[in-house]
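Two forms, one protein chain; structure tokens for each follow separately as structure 1 and structure 2.
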Structure 1
């Protein structure tokens, strides 16, 4: 079976910032590279907050997260890697020659010499609103993320949830929505105290301890919600144009959790060179666990370079331990010319 599959040097699983940067770096080291992402788009966790400004990536002046995803994707494609979207990697088979076959949930198989796991905390799904039939409004006015603030302009919005993101969205929507009501089952909100105070001092209507208990629709979209007091059961009816639910995230590694990787605190134990306990398999980004791990986009980039350098020297022990820096790397000569730079 493996003979019929195209063999790649490196297969990166996960298309968040760690996976995208590893893909770029792999091309820089002249490796035949494939990136596989379970979702139909690249971005990883960054897709949760595309309208947020990012300030803490070195050398990048404040940038919208959606724009940073675009730039990471563009950089990842520099050396024309193969990018596979919409496939969750589930199975792993080690071959007699030391290569690996990866199996995906679509039945497709991928042949590779090395693997880099950039899978964050696994496949992320939003905790859904636990009301029967609620899913039918996901195509109209029931939202689990805020992709574009403008969608909510002049709308009456109910936000269900009390975490950091729920409070953040309430503050951001307050100036543009017709009204914002936040419904939370506890009196205390999560997140930064300053944001909670700002929300409480604004026109946002705060309903605690309440929960959204019923949705009333015109058949297509939600028109009203019933909210119920957690202790007394007393109910109120609220008119709405949009409902946003932020009840947290669920993460799941799926069958990958059974691969025999050494794990602690639900993340992979790695050496300082990002080696897992399985030779030929490396890891980068939020998935890795080492003492000084930095769980930031910037931290993912360093892990990515370390993991890729380890994969390179695993395949070719004579290869330099690190890539030539981009300012002196032959791989960029033609690309610099195309940019009108002769160096």
Structure 2
């Protein structure tokens, strides 16, 4: 069967920032590359927050998440990789010659010499608000993500949660909403320190340690919420036009969890070179865990380069350990000419 399939040097599973940058960097190293994404579009977890401002990518001024996805996708396509959308990889078979066959949920099979897992937290689902009947308001004014900021203009908004996204949404909505109240079960927020300080210095009403305990509606949409103090049980009634819930994400790796990868706390254990415990399989991005892991988009890019370099030298031990920088990389000569730039 494997003889009938086109053999790729590298197959990257996952089309988020780590997967897209790995695809680009694989082209820099002149490898035959395939990227497979379970969704019908690239972007990974970033698709949840298209209007979120991203500030912490080196050399990139503040940029909307949706725009950053566009630029990463354009960069990923630089060296014309094969990109497969709408296929979730479910099976793995190692061949006698050391190559791999990957099977997808659609029945497709993919032949590759190495694999790089950039699957983030797998298939993600939102942690729902655990109040009976809450789901009926999802079609009106109960939200689990912010797709368009303008939806909340001049609205009284309550945000339930205390992670990065909850803090970021509070800061983004504060200038345009009539009011923003953030409700969190703990006194400490999980967002980046500067963003937490910014939120607390603004007009955002911070309620800790509280939780949303009841929803009050007119039958169609939420009109008020009751928030309860975690320690004393004291309650407050808050008027609302919209409720945003950010209680985190549930991760599901599906059949991949049965591949025999060494895992801890739902992440893959890797070496400093992004090697998993299975020779020929590497990992990058949110899926990996190691001592000096940096959980930023910029950190995912570094993981990607390390994983790809390991795959390259696995296939060719005599290859340089890293790619030549773009200013000296032969693969950019023709592309520079097309831009009217001399290499």
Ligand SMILES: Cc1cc2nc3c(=O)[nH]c(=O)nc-3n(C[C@H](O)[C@H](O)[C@H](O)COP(=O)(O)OP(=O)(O)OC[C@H]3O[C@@H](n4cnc5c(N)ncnc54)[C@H](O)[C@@H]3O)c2cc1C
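Positions refer to the first chain, counted from 1. This one's a predicted model, so the numbers in the text were calculated from it and none came from an experiment. Between two forms, the rigid core is defined as the largest C-alpha subset superposing within 1.5 Å.
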Mark the structure, either 1 or 2, that is the form predicted on its own. 2
For residue 94, is the C-alpha shift between structures 1 and 2 2 Å or more after core superposition? no
Could you check whether the CA atom of residue 225 moves 2 Å or more between structures 1 and 2, using the rigid core for the fit? yes
For residue 247, does the CA position differ by 2 Å or more between structures 1 and 2 when the superposition is done on the rigid core? yes
How much does the C-alpha of residue 175 move between structures 1 and 2, in Å, when the core is lined up? 6.8
Could you check how much the CA of residue 139 shifts between structures 1 and 2 after a rigid core fit, in angstrom? 8.4
